[in-house]
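Form predicted alone, single chain, as structure tokens, below.
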């Protein structure tokens, strides 16, 4: 049972954390693709920008969370969401909208997003430096340990405070997005534009408003994902380098253009990473005496080393493109 508890902590909990981050990030990628028909490579840098805004606000107002009974970084998250949404809308108006007005092909927008990526990386590094920084500047990170009431179990289930916030905000974000897309007029207009932009425009839908609302949602979700990841580990200016491939793999696995598919794809990629780097020798340890004498298990039975975890989404991406290019949800629109 203790080995199984180790499995829960290192696979189920860790996979849920990674999956939640990738799911929120992949939703932003798939929303941009479904509305504006291009792959936005700067999305991971928007996630980093949102986390950096929280870091700056937390450093400026370190005691702001005391009155709310929460970490200051969580209290500052709504402000960072608004700033990141404003950045997203500004980037669209400054870079992408002029390109769309000239009727360029989607590949030109993709190349433009690579330029935005380099610009955001440079700005973040200019002000944040190159080292990692802790978002807990005012208090210590709470760690919750729960020992299951089972005989012989001594290893507790370990969940940190940022992980609890991540699970709650992921659930809230998914439910809010579902209600928005299916119940509100703007959400239904977004679905119509995703299905047929020309018909939506001919029907009187203001496509400029839909594009702006899309960027507000995308920027807000990016700030949530980047901040909660930085809270759980640490903020690094190169955070986008480790996020870009997994969130795109999640979007493609779920079906490009399908938000619910992006959520499912995020958890598929997250659990695939944790299962690949988990040392399966731990689970086999209690049965070692029943193995033949000639069979000696290596000390590490992980499929890949932790330092190579980033290659897992790449292999998933290649496999999905070969086996099922449309993804789990067949690339349906929202």
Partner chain sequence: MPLLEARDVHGGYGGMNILNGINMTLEADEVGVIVGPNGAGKSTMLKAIFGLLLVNQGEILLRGEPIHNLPPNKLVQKGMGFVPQENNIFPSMTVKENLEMGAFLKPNSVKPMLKQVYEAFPPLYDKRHQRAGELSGGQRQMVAMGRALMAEPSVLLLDEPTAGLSPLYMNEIFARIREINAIGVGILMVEQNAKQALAIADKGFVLAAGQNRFTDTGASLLANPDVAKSFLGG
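Numbering follows the first chain given and starts at 1. As the structure is a computational prediction, the values presented were derived from the model and not from experiment.
Just so it is clear, the following notes concern the form predicted in complex with its partner chain, a form of the same protein that is not shown.
- When its partner chain is considered in the predicted complex, residue 141 lies well away from it, no heavy atom lying within 4.5 Å.
- Taking the partner from elsewhere, residue 238 is found to have every heavy atom lying beyond 4.5 Å of its partner chain in the predicted complex.
- Its partner chain is not drawn, but in the predicted complex it has a heavy atom within 4.5 Å of residue 196.
- Taking the partner from elsewhere, residue 154 is found to have every heavy atom lying beyond 4.5 Å of its partner chain in the predicted complex.
- Of the candidates 75, 87, 200, 264, 200 is the one whose heavy atoms come within 4.5 Å of its partner chain in the predicted complex; the others do not.
- Checked against its partner chain in the predicted complex, the residues 213, 189, 83, 159 give one hit for a heavy atom within 4.5 Å, which is 189.
- Listed stretches are 141 to 149, 223 to 231, 177 to 185, 160 to 168; the contact stretch with its partner chain in the predicted complex is 177 to 185, by a heavy atom cutoff of 4.5 Å.
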